[in-house]
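Below sits a lone chain in structure tokens, taken as the form predicted on its own.
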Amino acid sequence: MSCEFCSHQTPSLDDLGVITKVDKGDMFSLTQKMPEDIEQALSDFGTRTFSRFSPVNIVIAGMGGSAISGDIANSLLRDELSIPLIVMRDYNLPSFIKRTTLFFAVSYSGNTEETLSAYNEAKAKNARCVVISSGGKLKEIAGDDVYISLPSGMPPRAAFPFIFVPLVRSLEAMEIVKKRNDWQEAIELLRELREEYSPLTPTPENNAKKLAYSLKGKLPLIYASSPLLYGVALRWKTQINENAKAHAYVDYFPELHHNEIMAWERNDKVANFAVVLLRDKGENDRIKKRIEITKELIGDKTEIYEVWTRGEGKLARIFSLIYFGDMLSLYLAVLYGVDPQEIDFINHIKNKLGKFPTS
């Protein structure tokens, strides 16, 4: 990943003073705690047990930073789940939800109105419910349902490990999936990556900084090469949206070869694009060929960057790209001069909606 003269650009990502001035909420520190947060989440879950249940489907209801854990869990577990897992981002539920559904209501704050609405519907349909929140109205109405408490006081997107871990461990505890033994590899790899992508690591040796410089002022098109990375690609998009206050777009192989590839046939650009290919060693061989063909077709029309997973186990590979994307989004925030923790527009919408009664 080349980035000539990155370290000479302004603002400089190697100037800790610049980072501190922009990062008023200290999102860098929150992000860099990811390996410890995973360890803490595993410890908090402990040896929790659940009554035996054999669902016909699994539904995870949530929004934003709470919902993304469901997408990542689905990517991780899709090859071993014998029943469908669906992530719902809406007020209302489809008609197939019933007493044989395992329903997770996930809201970091516990006050997300879409999730509260969906949870009330799930309870009315007698679904088996598990509630995950740091408190709020969800905790108040959980009743006899299983309730998993989250540590409070952080942005929901920074609480990802605390939401993701109990989701996966709950499915293990119910014997819906086998218990994983690759958490430690992921934790140790994240500690290595923390040093590589640290603000203290200068740009020439820091791929997250280099890619941030390369993407500044461009619309990133994030293309995932493998189902293992579908949720990761969405995490990249949402982190760039919230932290850097910038647009990003996601698509996937092989689907993009049946529609989006035609947009590249035009010679004129509607935006200053840059393609980021999220790659994994477990890619299908046909996907590898598709990616090479794609690079041949669009290589003279846009900049193309490839970021590969690291590690052996699926958990490590997933987390390696999640962490890279999280740090990248923070470096982009610094380059754009925006506080990564601030979410004024989201809060404005919530406050406006709060003036209208929910049905």
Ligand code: PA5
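For every residue, the number given is its place in the sequence shown, counted from 1. The model shown is predicted, which means the values in this text are computed figures rather than measured ones.
What follows is about the form predicted together with the named molecule, which we do not show.
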* To do: Select, from the options 279-287, 121-129, 83-91, 107-115, the stretch whose residues sit within 4.5 angstroms of the named molecule in the predicted complex by heavy atom distance.
  => 107-115
* If you check in the predicted complex, is Arg169 within 4.5 Å of the named molecule, heavy atoms only? -> no
* Indicate whether Pro156 is a 4.5 Å heavy atom neighbour of the named molecule in the predicted complex. => yes
* To do: Spell out, yes or no, whether the shortest heavy atom distance between Glu242 and the named molecule in the predicted complex is within 4.5 Å.
  => yes
* With the cut-off set at 4.5 Å between non-hydrogen atoms, does Met63 touch the named molecule in the predicted complex? -> yes
* Are Ile187, Leu190 and Arg194 jointly within 4.5 Å of the named molecule in the predicted complex, each by at least one heavy atom? -> no
* Asked: Taking the named molecule in the predicted complex, which residues of 333-355 have any heavy atom within 4.5 Å of it?
  -> Ile343, Ile346, Lys350
